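Here we start with a single chain on its own, the form predicted alone, put down as C-alpha cells.
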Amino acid sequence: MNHRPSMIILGVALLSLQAAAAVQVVTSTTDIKSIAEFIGGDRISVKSITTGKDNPHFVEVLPSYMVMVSKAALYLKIGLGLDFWAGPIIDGSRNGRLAVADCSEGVEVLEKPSGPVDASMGDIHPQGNPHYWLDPRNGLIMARNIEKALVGIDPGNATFYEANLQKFERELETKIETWQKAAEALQGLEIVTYHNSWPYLGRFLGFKTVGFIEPKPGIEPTASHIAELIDLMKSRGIRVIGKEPYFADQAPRVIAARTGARVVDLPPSVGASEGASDYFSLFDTLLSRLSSAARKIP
C-alpha cells in the first residue's frame, strides 16, 4: 500500500499546526519586523503594516490592517507620533487580548521642539524626530524592548528570546564598530536631503544635513525655496543630495543640474531599496552609497 499521500497530508497538517502555534506579531514598519524576526525566530510570525517603500508618515487605515491585527497577540509601534495611524488600526481590530509595545522607549530623542507646535510649522513631531531606528545603537534599545514584549506575552519561550537577543546584540555591536571605522571619510560631510529623516544616521556616521528640499516637513518645495537651496549649496560647495524613495525626483534633479551635485537614493527602511533586506544590510547599503558619493566629490 502506498502511504505517500497520507504522509504528505500529515506533513502539511504539522506545518499548519506549527504556524498556528507561532506567536502572531504585527509591526508598524519593516525595520521593527526585521529585528523582531531575529529575536523571535521560529517562535513568532511577523507581519508589517508598511513596506519599506511606503512613507510611514502617511498610511491609510484599511480594514485589512484591522483584520491582520485582530489575529495578533502583539503590536510593535515606532512611537514618537510617527505611526499615529496605528491607533485607529488597533482600535478597529477589536482585539481585547492584544499587547502593544512602543519600540522608542528609552531612546535618546533628537530635535524635540522647545515651544508650541502648530500646523503652520508643517509636519513637526511634538515628541521629537521619530527616525531613531536610523542610528543602529538605537537598534540595540529597540531589540531589548521587543524581547521584553515577547517575554511578556510568551514567557514559556523566555530563554529562547533572551539567547537571540544576546546574539543580536553581539552581531550588531560588531557591525557598529565596522561601520564607524568605514565612515571616517564622511566626517564633516555636508549634504542636503529631501526630508528631515537623517539626524540619527548623521550623528552616527559623522555627516551633517544642512538643508532640506521640503521648505517645511511634509510641505512640497516651491520655486523660491529651490532657488534659495541652490544658492546655499553653491556657496557651501555641497555636492550630495539624499532622497528617500517615496519622494518625487523632479526637484532633486533640477537642483542637481544647477549645482553639479549627485542625487543619492537613501533607503530609510528595510526593503526600501535593493540590498537593504534586513536591519544589518540597511546600514551596509546606506554607508556604501554615502561613501561612494563622497568619494566622487571634486
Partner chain sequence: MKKNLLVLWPVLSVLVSSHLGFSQTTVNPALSFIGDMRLSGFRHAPAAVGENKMIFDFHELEITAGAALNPYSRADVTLGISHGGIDIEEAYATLLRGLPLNLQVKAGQYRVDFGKLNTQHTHQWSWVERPLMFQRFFGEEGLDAAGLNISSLASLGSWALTLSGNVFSGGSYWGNSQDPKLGNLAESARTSLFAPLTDHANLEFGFSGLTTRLGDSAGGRTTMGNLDFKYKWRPDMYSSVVLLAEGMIGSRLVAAGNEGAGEATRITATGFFASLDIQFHKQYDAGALMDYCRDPVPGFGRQTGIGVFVGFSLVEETYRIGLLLRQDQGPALPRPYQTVILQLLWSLGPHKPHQF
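Positions refer to the first chain, counted from 1. Since we're looking at a predicted model, the values are computed, not measured.
There is also a form predicted together with the partner chain; it is not shown, and the following applies to it.
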property	result
In the model of the complex, the one of 206, 81, 218, 113 near the partner chain [non-hydrogen atom within 4.5 angstroms]	218
Partner-proximal stretch of 266-274, 22-30, 247-255, 225-233 relative to the partner chain in the model of the complex, 4.5 angstroms, heavy atom	247-255
Triplet 148, 152 and 159 all within 4.5 Å of the partner chain in the model of the complex via a heavy atom	no
Contact flag, residue 94 vs the partner chain in the model of the complex, heavy atom cut 4.5 Å	yes
Contact test in the model of the complex: residue 237 vs the partner chain, heavy atoms, 4.5 Å	no
Contact of residue 60 with the partner chain in the model of the complex (heavy atom, 4.5 Å)	yes
Residue 70, heavy atom within 4.5 angstroms of the partner chain in the model of the complex	yes
Members of 182-211 lying within 4.5 angstroms of the partner chain, judged by heavy atom, in the model of the complex	194
